[in-house]
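This document starts with one chain, in the form predicted on its own, laid out as structure tokens.
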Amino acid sequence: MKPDFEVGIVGAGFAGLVAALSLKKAGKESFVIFERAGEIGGTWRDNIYPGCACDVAVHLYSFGAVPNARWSNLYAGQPEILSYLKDVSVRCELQKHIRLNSDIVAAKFLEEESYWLTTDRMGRETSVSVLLLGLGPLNRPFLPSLKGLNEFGGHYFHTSQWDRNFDPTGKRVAVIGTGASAIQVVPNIAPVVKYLTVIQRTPAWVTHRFDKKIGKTCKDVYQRFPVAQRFKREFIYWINELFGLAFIGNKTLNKVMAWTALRKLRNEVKDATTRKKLTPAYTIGCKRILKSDDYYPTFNRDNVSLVAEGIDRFTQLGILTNDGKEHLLDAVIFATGFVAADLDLYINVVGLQGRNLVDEWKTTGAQAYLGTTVAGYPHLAVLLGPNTGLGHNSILHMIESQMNYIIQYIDCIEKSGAEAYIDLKESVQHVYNERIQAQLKKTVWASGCKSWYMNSNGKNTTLYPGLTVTFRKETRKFDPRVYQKVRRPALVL
């Protein structure tokens, strides 16, 4: 039996749309995009907290084939990014491929038919020859287990689940966490709250953002001469690649980055005690480096304090810290990030002989070949899969590299014929992941800090231990020899 579609894509965020654009470019129009929500956008639809923005320049954090000449700033905010995604879906005629409110909960590879059968939450089934998972790694908010939280009489929520009805004006608010979302929320609510308490577990390395408006003249030039914007894109890309060397072994460059960040801290925070609390004691880059022009200066405000003593427990009126002080609060915002390394796909993915992908990854740690295909799960590819994350450049470059590879993978599947399926060799996956883990030991991420890059067993299943140009080279040419062609079992009538 012929499947309903040649390709099924789960998720209509950046990953899913990159996949769709790549398929269209390759002339493959038989595909469907399953989106569990009522509109597209992924993380840029879900995260609406004040100040939410990207920390990658817009020239890179956009589709190479569909540039936007009208970005307002060098670093775009959430509303503008979401608008761009919606615009691309219309301009590139992707809407006809998208099924909204289609939450895929199960996917099973049927060996007899050599295709995947997907099932959504409503029980609707769709068959696809190739299944691409574009779920994204940052979709499971992490809420720390803190004593007494249920006793707290105020309002509390995670940044990714921002309460649209919450108005911080005139309130006593605490922000727990000092990561990527916190450094955006804190400066944006500090001017309106009565008092803001920032509760820090570990200080972050914060570097200059150098955000700026993109003027009308520049926009007009990009509109009339797209090559100018492509040149800017390439320039920023290679600058980022250069700084990426600081993460994978260049200690001199790493020290320069640290010196620059500490100088920024000294210049922007007046109080010596606060500066000391904000000074990291681990190698720069071991945790995610943050970019902000207004986070540090916020601590110069009279209505903002930094607490680094740790939380003992919640009380009915606020938070009791380990120094015995009770902080009276009206609301608490958890800026505590996401569970990323211990991947949970939200989907029951069943491969050959009833193998369950999530269960396997809970045992071995998430792993794949080139972060893309997985042994025992034929005709499946994971976008932004294990060890494809970055600390220095645009993740879209990695997804585009994956799709270069996946298009060739799909061509190979088509050539194999309807009587067979293509499965990655287990030994190939093992050797690749052994190499990745060995390379990671030589990087800044193995320098001793505790980060969300590591899973619960201390294994880095998140980051790629190299430059994006290296990954592009690795995925440029599909090698059919690392796969095995398996003749499917005869159907029993």
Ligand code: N01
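Please read these numbers as outputs of a predicted model, since none were measured by experiment. Residue indices: 1-based, along the sequence shown.
In what follows, reference is made to the form predicted in complex with the named molecule, a form of this protein that is not presented.
K.L.:
Quick check for you: of 100-108, 329-337, 233-241, 120-128, which stretch puts a non-hydrogen atom within 4.5 Å of the named molecule in the predicted complex?
P.N.:
Stretch 329-337 is the one.
K.L.:
Ok, 197, 393, 184, 367: which has a heavy atom sitting within 4.5 Å of the named molecule in the predicted complex?
P.N.:
None of the others qualify; the residue that does is 184.
K.L.:
If the cut-off is 4.5 angstroms on heavy atoms, which of these, 180, 257, 92, 358, is the one near the named molecule in the predicted complex?
P.N.:
Exactly one residue meets the criterion: 180.
K.L.:
Heavy atoms within 4.5 Å of the named molecule in the predicted complex: does residue 452 have any?
P.N.:
Because a heavy atom of residue 452 falls inside 4.5 Å of the named molecule in the predicted complex, the answer is yes.
K.L.:
With heavy atoms only and a cut-off of 4.5 Å, decide whether residue 53 touches the named molecule in the predicted complex.
P.N.:
Yes, residue 53 sits close enough to the named molecule in the predicted complex that at least one of its heavy atoms falls within 4.5 Å.
K.L.:
Spell out, yes or no, whether the shortest heavy atom distance between residue 144 and the named molecule in the predicted complex is within 4.5 Å.
P.N.:
Looking in the predicted complex, residue contacts with the named molecule include residue 144, since a heavy atom lies within 4.5 Å.
K.L.:
Could you tell me if residue 201 has a non-hydrogen atom within 4.5 Å of the named molecule in the predicted complex?
P.N.:
Output for residue 201 is yes: heavy atoms within 4.5 Å of the named molecule.
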